[in-house]
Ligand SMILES: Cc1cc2nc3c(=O)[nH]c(=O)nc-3n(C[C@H](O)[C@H](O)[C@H](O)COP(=O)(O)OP(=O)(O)OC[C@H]3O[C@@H](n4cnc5c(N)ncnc54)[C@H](O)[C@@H]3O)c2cc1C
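There is one chain below, alone, in structure tokens, taken in the form predicted on its own.
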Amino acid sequence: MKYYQPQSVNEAIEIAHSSQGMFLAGGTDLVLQMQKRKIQPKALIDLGRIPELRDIKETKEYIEIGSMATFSDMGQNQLIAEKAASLWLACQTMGSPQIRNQATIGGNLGNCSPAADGLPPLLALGAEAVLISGEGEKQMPLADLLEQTPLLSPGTLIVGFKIPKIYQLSGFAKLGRREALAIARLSVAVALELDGSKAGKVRVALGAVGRRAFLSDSLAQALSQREFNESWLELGISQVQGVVRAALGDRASAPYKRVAVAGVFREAIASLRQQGGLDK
């Protein structure tokens, strides 16, 4: 197996085209799959020496996060804490400190586990994925990308994510088997715009409920343009339980998760209110 360390995005794309290699981000998932011989790439293309892929910055319209930003990078970043709170919250509970230091947000998408911690917050925040391949660069809603099969065509590099600066409040919560180092058995991310005392546009994303994290259109329709109060919360709990019921069908985990999601949704809203100072 060949090993490459490109110095730029363009060089990485050229190597991918000529070598049919796989991109290596944090490696927390890929290396394990290689050890178990589930994946045996012809070449590895290490993205760790491309500095722009680790940028976290603010532009007029977006918060931009490079695909090689680690969960530690994001979890310690004030911009993420202030303007993408649900993602910042997810970073605080993702794995151990060692894993957070290594795992990247691009790798989280590339591996696309149903329990990926970073994807529900990005979905709720309306993130767009920036991709590049031999055919050029494109930007598309993450929600649309996650509906594709396969997720990415060979040789496509995840450059990063652009989060529009339109959601004033966001929150996140997950349920794991243990308090520490827990892989999410269920996660909920919520983002909304406040319109006076109303929740304006609302987005709710769920993780570890289906094949991939997903954004719920039915929850958005049920919860948008309503008074943001206790009745809104109870409606949300009822609706999210229905979404989980429909998503899981007769799976063995369905009865447990239908009940558990009520508490996870309530916790996500509590974190949203706390971030926005609405619990005072």
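It should be emphasised that the depicted structure is a prediction, and the values quoted were computed from it without experimental measurement. Each residue number is its position in the shown sequence, starting from 1.
Keep in mind the form predicted together with this ligand is missing from the figure; the text below concerns it.
J.: For the chain seen here without its partner, which of 96-104, 76-84, 162-170, 201-209 has a heavy atom within 4.5 Å of this ligand in the predicted bound form?
T.: Residues of 96-104 come within 4.5 Å of the partner.
J.: Just one of Val243, Leu215, Leu223, Leu47 has a heavy atom within 4.5 angstroms of this ligand in the predicted bound form, so which one?
T.: Looking at the other structure, the residue within range turns out to be Leu47.
J.: Using heavy atoms only and a 4.5 Å cut-off, determine which of Ala12, Leu24, Ile269, Val261 is in contact with this ligand in the predicted bound form.
T.: The option sitting close enough to the partner is Leu24.
J.: Looking in the predicted bound form, is this ligand within 4.5 angstroms of a heavy atom from every one of Ser187, Leu248 and Ser253?
T.: No.
J.: Find out whether any non-hydrogen atom of Ile158 is located within 4.5 angstroms of this ligand in the predicted bound form, and reply yes or no.
T.: Yes, Ile158 lies within 4.5 Å of this ligand in the predicted bound form.
J.: Please check if Leu30 has a heavy atom lying within 4.5 Å of any heavy atom of this ligand in the predicted bound form.
T.: Within the cut-off, so yes.
J.: Counting only non-hydrogen atoms and a 4.5 angstroms cut-off, does Asn111 reach this ligand in the predicted bound form?
T.: So Asn111 counts as contacting this ligand.
J.: Answer for Leu123 alone: is it within 4.5 Å of this ligand in the predicted bound form, judged on heavy atom distances?
T.: Answer no; every heavy atom of Leu123 is more than 4.5 Å from this ligand in the predicted bound form.
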